[in-house]
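A single chain, nothing else alongside it, follows as structure tokens in the form predicted alone.
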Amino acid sequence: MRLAIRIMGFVTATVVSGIALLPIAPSQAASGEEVIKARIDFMNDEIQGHWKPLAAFVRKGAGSLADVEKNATALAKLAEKIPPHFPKDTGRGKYPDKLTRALPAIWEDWAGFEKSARMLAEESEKLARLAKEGNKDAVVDLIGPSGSYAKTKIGCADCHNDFRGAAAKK
């Protein structure tokens, strides 16, 4: 009986110590400025990094439909990660315009914001499918003939127009 109590005490102490040593989740530990920087890096490096080859495909004829398929597939997966990069109170109004372009409308219309991210995912999946099928005209139409975020039909423009403010003057 004493041995059982000692073992349970040891196990309990070990579990409690282990839990106390677990790292805090990055979103809980990071400051607002760190969250904003991580968000900007994600959007520039990941999202835009996969968008540029799509824009180059329609603007310059660069790359192939296989490249479009690969980058559109990546965008579809990355789109799901957009909302978590926007925790409450990390936009304009709480932080200077020079630091972030995220408008308060994101949190005022969270469902609309999530809908825009889902649209990007769904339309990117459609784009990947069209590229795989070899339908170049439909690919160009979906990306938009200019390859610009502002003209795309895959969801970038909706989100940027509704939830992203103008760049702050330097």
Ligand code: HEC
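From 1 onward, residues are counted along the sequence shown. Since this is a predicted model, take the numbers as computed values, not measurements.
This protein has a second form, the form predicted in complex with the named molecule, left out of what is shown; the following refers to that one.
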Any of the heavy atoms of Phe57 lying within 4.5 Å of the named molecule in the predicted complex?
-> no
Could you tell me if Ile40 has a non-hydrogen atom within 4.5 Å of the named molecule in the predicted complex?
-> yes
Is there a heavy atom of Ala117 no more than 4.5 Å from a heavy atom of the named molecule in the predicted complex?
-> yes
4.5 Å heavy atom contact, Ile47 to the named molecule in the predicted complex = yes
Sort through 139-147, 61-69, 48-56, 125-133 and report the only stretch with a non-hydrogen atom within 4.5 Å of the named molecule in the predicted complex.
-> 48-56
Residues in 86-116 with any heavy atom within 4.5 Å of the named molecule in the predicted complex = Phe86, Thr100, Arg101, Ala102, Ile106, Phe113, Ser116
